[in-house]
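Quick heads-up: it's one chain on its own, the form predicted alone, in structure tokens.
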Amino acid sequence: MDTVKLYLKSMKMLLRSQMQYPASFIMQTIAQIVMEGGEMMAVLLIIDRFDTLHQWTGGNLLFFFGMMSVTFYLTECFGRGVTGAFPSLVRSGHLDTFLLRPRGVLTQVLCHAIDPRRIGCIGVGVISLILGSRQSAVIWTAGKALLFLESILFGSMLILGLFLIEAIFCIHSVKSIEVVNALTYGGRSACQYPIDIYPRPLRILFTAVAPFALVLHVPSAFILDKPIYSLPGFAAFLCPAAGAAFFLLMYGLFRKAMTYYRSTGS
């Protein structure tokens, strides 16, 4: 509980510091909204051009887009220490100071940065979810609501675990490894759409390697009453746990990598 309190206090302080320049914050937030809104417009154009995409209607596509947007940008907003700041901490040598404090390195890294500009992107995702849910005539039940929250939570853990891969490479190489973006930002772009529209290699990649399909798509399909992979209903509640398993694996590798950390001397 002390760690949670520390994290929440750090987030409050960082948010207050961001609000010291309200004009800059507002303009950057609007820019983020325009960027994410443009991606949502791409989905709307697809909907306008095609009535269905495989078994998925336009409302279904908006729902998948919203699930990915909300999950990804929640992670980027509150996990910015890992998703953006970690490479600079290693290059500058500031990570050295984290090793002297009586808290875990990952906890301190998460408390190091926040990106409230992503709130605009989250808002676009929420709008997409609402539109997709209405157009798909989703009948919300307690079970579906619980599954939705479970998918968002474990999806955030999955994305944070993917960003930890870059942190692990950065510990060994000092510089960030751009190829990892194929799984993070590339995965976000690809998995805004249902996994079964892609060829087999991509389905395997985003099911067995970076399991977006298990964590986000299987639950979304269950909520939309269009199961994929011919899985029984209860599997939709189990599949998101793949996100937690992936994060724990990457966290273990991160801690192992920290034993090889060498200061840059900056």
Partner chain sequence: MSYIDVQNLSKSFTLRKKREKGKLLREKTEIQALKEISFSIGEGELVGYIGPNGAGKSTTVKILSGILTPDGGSARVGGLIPWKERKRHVQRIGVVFGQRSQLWWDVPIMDSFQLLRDIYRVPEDQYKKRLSNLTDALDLGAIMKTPLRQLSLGQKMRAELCGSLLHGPGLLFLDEPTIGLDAVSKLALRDFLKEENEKKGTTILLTTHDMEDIAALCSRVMVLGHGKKLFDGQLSHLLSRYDTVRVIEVRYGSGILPPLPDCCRMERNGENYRITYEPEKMPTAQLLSLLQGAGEIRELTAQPQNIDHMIAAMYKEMDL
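Since the model is a prediction, treat every value here as computed from it, not as a measurement. Numbering follows the first chain given and starts at 1.
Only in words, not in the display: the form predicted together with its partner chain, which the text now covers.
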item	value
Which of 70-78, 118-126, 134-142, 88-96 lines the interface with its partner chain in the predicted bound form (heavy atom within 4.5 Å)	88-96
Exercise: V105 in contact with its partner chain in the predicted bound form, heavy atom 4.5 Å	yes
Touches its partner chain in the predicted bound form: M13 (any heavy atom, 4.5 Å)	yes
Contacts with its partner chain in the predicted bound form, stretch 4-21 (heavy atom within 4.5 Å)	L6, K9, S10, M13, R16, S17, Q20, Y21
